[in-house]
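Heads up, the chain below is alone and in the form predicted alone; it's given as structure tokens.
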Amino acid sequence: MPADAYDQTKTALLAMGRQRVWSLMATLFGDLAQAEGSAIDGPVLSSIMAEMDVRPEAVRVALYRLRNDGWITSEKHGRTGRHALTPTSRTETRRASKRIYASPVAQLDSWQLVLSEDTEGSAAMIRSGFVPLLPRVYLGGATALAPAECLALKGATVPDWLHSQIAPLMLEAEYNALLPPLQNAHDRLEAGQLNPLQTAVLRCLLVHNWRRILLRHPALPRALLPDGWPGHRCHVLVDALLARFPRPVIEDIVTI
């Protein structure tokens, strides 16, 4: 039954890692209410979080934290609270979304090796999308921007030893743990089987577990990644599921 597959997927994704309520909520707003002017009314937010087995008091604490951090703004419309991303959080969400929602077939294979002048800029190089290979030596995609004083060399054939050295940086164990619930949902859930509330919850949990791994490593081109890297399979499944279950209209989500 679809309900069984949905419940199994929801339970499995909720059980992965330590799911902080405020982080789940930030993901929800980033997926459901990222558009300019979008907001989620209190009863709708409560219903979505309850469907994810989050207690009302935990929702209130998470909202307080997100407001205090400048991530969410809340205002009253009559007796109903309405919550939305702040301009700053909307900008940061859109920046991260370019990678979170990127197509798995759009990845480039070209890469570069960069030699820096000293070791002091390592953190900046990592933020720019490079991974350290040796002191002062970095690998990255051909479109990653290195500082002007660096020496950048276009990559060619990638030897096996380089794949092996990169593999530990690419969170293979985490992606392997994510694969089973993604595959189960892909194989058993069909388009049109979920109502808007279930769709909002499924999308939130898919994006949340995907992004919490994805954003912990740089976006490397396929040529540098190990053969059979599970992150690519996860990417394909997440992309397919998000396309199969499009973002619901907020007003269509029935409150519990």
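Counting begins at 1, following the sequence as shown. None of the values given here were measured: they were computed from a predicted structure. Here, rigid core means the biggest group of C-alpha atoms that superpose within 1.5 Å across both forms.
The following text describes the form predicted in complex with a further copy of the same chain, which does not appear among the structures shown.
Gln165 is the sole member of Ser128, Gln165, Thr93, Thr73 with a non-hydrogen atom within 4.5 Å of a further copy of the same chain in the predicted bound form. Interface residue among Ile100, Ala152, Ala84, Leu179 relative to a further copy of the same chain in the predicted bound form, by the heavy atom within 4.5 Å criterion: Ala152.
In the predicted bound form, a further copy of the same chain sits within 4.5 Å of a heavy atom of Ala156. Of the heavy atoms in Ala173, none are within 4.5 Å of a further copy of the same chain in the predicted bound form. Taking the partner from the other structure, a further copy of the same chain in the predicted bound form has no heavy atom within 4.5 Å of any heavy atom of Glu120. Within this chain, Ala124 is remote from the site of a further copy of the same chain in the predicted bound form, having no heavy atom within 4.5 Å. Scanning 125-147 for heavy atoms within 4.5 Å of a further copy of the same chain in the predicted bound form gives Leu133, Leu134, Pro135, Arg136, Val137 in sequence order. With a cut-off of 2 Å and the rigid core superposed, Ala84 has a Cα displacement that falls short of the cut-off between this form and the one not shown.
After superposition on the rigid core, the Cα atom of Glu75 is displaced by less than 2 Å between this form and the one not shown.
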